[in-house]
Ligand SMILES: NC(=O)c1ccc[n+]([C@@H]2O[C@H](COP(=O)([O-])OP(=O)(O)OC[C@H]3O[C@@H](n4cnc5c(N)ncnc54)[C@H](OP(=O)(O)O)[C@@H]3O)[C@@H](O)[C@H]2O)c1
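Below, in structure tokens: the form predicted alone, a single chain.
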């Protein structure tokens, strides 16, 4: 299927690893020019070069910490307009609610939510003035509506993102610009692999996923981690002109973990 993304310019935050890299890879595969975003300049350069060679698209480098206001200003100066913005950058860690500090919540909100708000506030008006066309997608999580006890700080930021994306969508009424949220379930990223190695160090690699899902995510109907490329394919569709009827939606891709219909 041709997603009609050729020539579009896409910024995916946190695109050097995991879900962000997978989304960027699919967008590039579909012909979009991509801005590789991350805090590690060497990683950003390496991935930009790899994707340019592999997909014959224009790639650009954005080695910025987007939780920092000055870094965002530099990003906006370098890339004043984009056609697609995917607010993916996020941090997470397991920590009991009783152990969380105010600083924990403040840091998580700044990285996972407020930076995405700032980018959306900047790029949305430009999309609305540019032939009323564009896509903004927030990457949230099923944890936003089914928060685990050991990730309250992360879950709260993802619930924030659901709400703010819905509010942004209200500003696009009558245009071809859309704002949506995609909510993945547990995904096989590098960070998750490291977490499994820490929690199940004596278990064979191939068995860790099965044990973790059975013990910690029993409601999942697929009983496996979602692969980043699966999310990449879905997000690329939502970012495409073919998905113009999605607006203000919270789109679940959680492997059946959330037991409710809605």
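What you are looking at is a predicted structure, and each value in this text was computed from that prediction instead of being measured. Positions refer to the first chain, counted from 1.
If you look for the form predicted in complex with the ligand, you will not find it shown, but the lines that follow are about it.
- Task: Given the ligand in the predicted bound form, answer whether the residues 147, 232 and 255 all have a heavy atom inside 4.5 Å of it.
- Result: No, none of the three is in contact.
- Message: If the cut-off is 4.5 angstroms on heavy atoms, which of these, 114, 89, 169, 156, is the one near the ligand in the predicted bound form?
- Response: Among 114, 89, 169, 156, a heavy atom within 4.5 Å of the ligand in the predicted bound form occurs only for 89.
- Task: Decide whether residue 50 counts as a contact residue for the ligand in the predicted bound form under a heavy atom distance cut-off of 4.5 Å.
- Result: Contact check for residue 50: no, nothing within 4.5 Å of the ligand in the predicted bound form.
- Answer yes if any heavy atom of residue 240 is within 4.5 Å of a heavy atom of the ligand in the predicted bound form; otherwise answer no. Although the ligand is absent here, residue 240 would stay clear of it in the predicted bound form, with no heavy atoms inside 4.5 Å.
- Message: in the predicted bound form, is there a heavy atom of the ligand that lies within 4.5 Å of any heavy atom of residue 26, even though the partner is absent here?
- Response: Taking the distances in the predicted bound form, the answer for residue 26 is no, it never comes within 4.5 Å of the ligand.
- Heavy atom of residue 39 within 4.5 Å of the ligand in the predicted bound form: So residue 39 counts as contacting the ligand.
- So which of 57 to 65, 232 to 240, 203 to 211, 26 to 34 is the stretch with heavy atoms within 4.5 Å of the ligand in the predicted bound form? Looking at the partner contacts, the answer comes out as 57 to 65.
- Who in 126 to 157 is close to the ligand in the predicted bound form, meaning a heavy atom within 4.5 Å? The stretch 126 to 157, when checked against the ligand in the predicted bound form, contributes 139, 140, 141, 154 at the 4.5 Å heavy-atom cut-off.
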